[in-house]
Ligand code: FUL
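Presented as structure tokens, the chain that follows is alone, the form predicted alone.
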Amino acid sequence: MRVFAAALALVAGACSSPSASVEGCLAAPLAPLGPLPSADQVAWHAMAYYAFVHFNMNTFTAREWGEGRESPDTFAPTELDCRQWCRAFRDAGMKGVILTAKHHDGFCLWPSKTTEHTVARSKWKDGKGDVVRELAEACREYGLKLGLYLSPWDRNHPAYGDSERYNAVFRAQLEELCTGYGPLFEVWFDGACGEGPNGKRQVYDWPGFVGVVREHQPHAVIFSDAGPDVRWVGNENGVAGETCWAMLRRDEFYPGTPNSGPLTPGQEDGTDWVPPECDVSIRKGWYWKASEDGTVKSVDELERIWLASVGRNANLLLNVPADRRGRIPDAEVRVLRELKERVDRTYAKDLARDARASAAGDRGVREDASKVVDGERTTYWAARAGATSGELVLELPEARAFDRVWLQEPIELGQRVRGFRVEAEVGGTWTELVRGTTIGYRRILAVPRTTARRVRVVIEEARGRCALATVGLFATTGE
């Protein structure tokens, strides 16, 4: 069941419907402990892993940040093939793709009516091209969700720095993207705010920008340093914190905030559900450069990143830039497939699915405890009323070797666990394999390869009545 290609199928569950009632997705009576995620945020958690494609003017100038003075004719892909992108991403087990529709240089990959700096002013396809449309159509064909990045900084537009005028321009650009290309799963903002062509800096209308997305794409999550729905993890290494709360005191942050330290661990006393997204590039830079072809990450590196993001209550946004042809290079396609094959092999069989589960304090009744091994994320075990600690024991039919432990909380009712440990009975003695702090939507822990028949998960401390939705055991194949 838990193969990579099925969305890490064990994490999706019934709550992936945007219209679902969050509390209605879970069956047992556990009082909510806020803040809580929306149904759209739960659906976002279930996506786990998707692509970022940096492809724009910088692809053709070998820069990371353009100046905004580039000729539109510089944008000249020779064989743009968004279907090839989406085929590679689908085959890699990804669930969506986010495109740099406009970067800091202001060049728009769609024929925007708000600026002259667009594909419509280039010789590419005689000015009739639209990269966003081609990608949207390819996403629909290959079953991927579409997201868009729109830089607020615009080093080309003459209105930038005249705050009221440019904010109207940016809102109009957002409206074009949010109304012209079908459903979006995520709208991605950074806080870049430099000087424009007039030498002035801009004061952004973030409430207005968010309002446009909410009006036209009500089920899209909005990413920035401050959310409001998904936060930056605080680094560009693809690594979430060992402690990773989904909560944040959102009003203390804004896009481009210098107060980025708390973004990695989150805040246990956060007022809002703003989970982290880990962004990292598969190669040295964000944009394709021939000189960096030798920097493509190995499958071992990507697996470590996957564990440190997807395995730590975060989602992984892996940048895979297209080259000047407009295609994903073969080396990237190959290593993405290798990662999928490795993850598929590891998580294809949950060794705990036929275990007998019991919990201390359950008075011999194990129906609730059995829910952690039933393969359903939307059922769960909860400790007795008022208990902020507890333990579950899994008894396997025979001794089995494993080196990965998969844990999940029923987050629709809040993130709770502050500290836990996992033990195995080896030679008649309980031996600690690993300990951690937070769990959240999913926690995947690498442990020493252990052969045991009995495994124990001890919740040492929680911020409320503790509960678990999943305890899984898996074994790598030794790559």
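Here the structure is a predicted model, which means the values were calculated and not measured. For every residue, the number given is its place in the sequence shown, counted from 1.
As for the form predicted together with beta-L-fucopyranose (FUL), it is not shown, yet the points below apply to it.
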With a 4.5 Å heavy atom cut-off to beta-L-fucopyranose (FUL) in the model of the complex, the contacting stretch among 139 to 147, 98 to 106, 157 to 165, 328 to 336 is 98 to 106
Could you confirm whether residue 52 comes within 4.5 Å of beta-L-fucopyranose (FUL) in the model of the complex, counting heavy atoms only?
yes
Partner proximity in the model of the complex: residue 301 to beta-L-fucopyranose (FUL), non-hydrogen atom cutoff 4.5 Å:
no
Any chance residue 64 has a heavy atom within 4.5 Å of beta-L-fucopyranose (FUL) in the model of the complex?
yes
Contact of residue 236 with beta-L-fucopyranose (FUL) in the model of the complex (heavy atom, 4.5 Å):
yes
Kindly indicate whether 36, 44 and 245 are, all three, within 4.5 angstroms of beta-L-fucopyranose (FUL) in the model of the complex, using heavy atoms.
no
Residue within 4.5 Å of beta-L-fucopyranose (FUL) in the model of the complex by heavy atom, from 288, 89, 188, 75, is 188
Using a 4.5 Å cut on heavy atoms, which of 368, 272, 279, 205 is close to beta-L-fucopyranose (FUL) in the model of the complex?
279
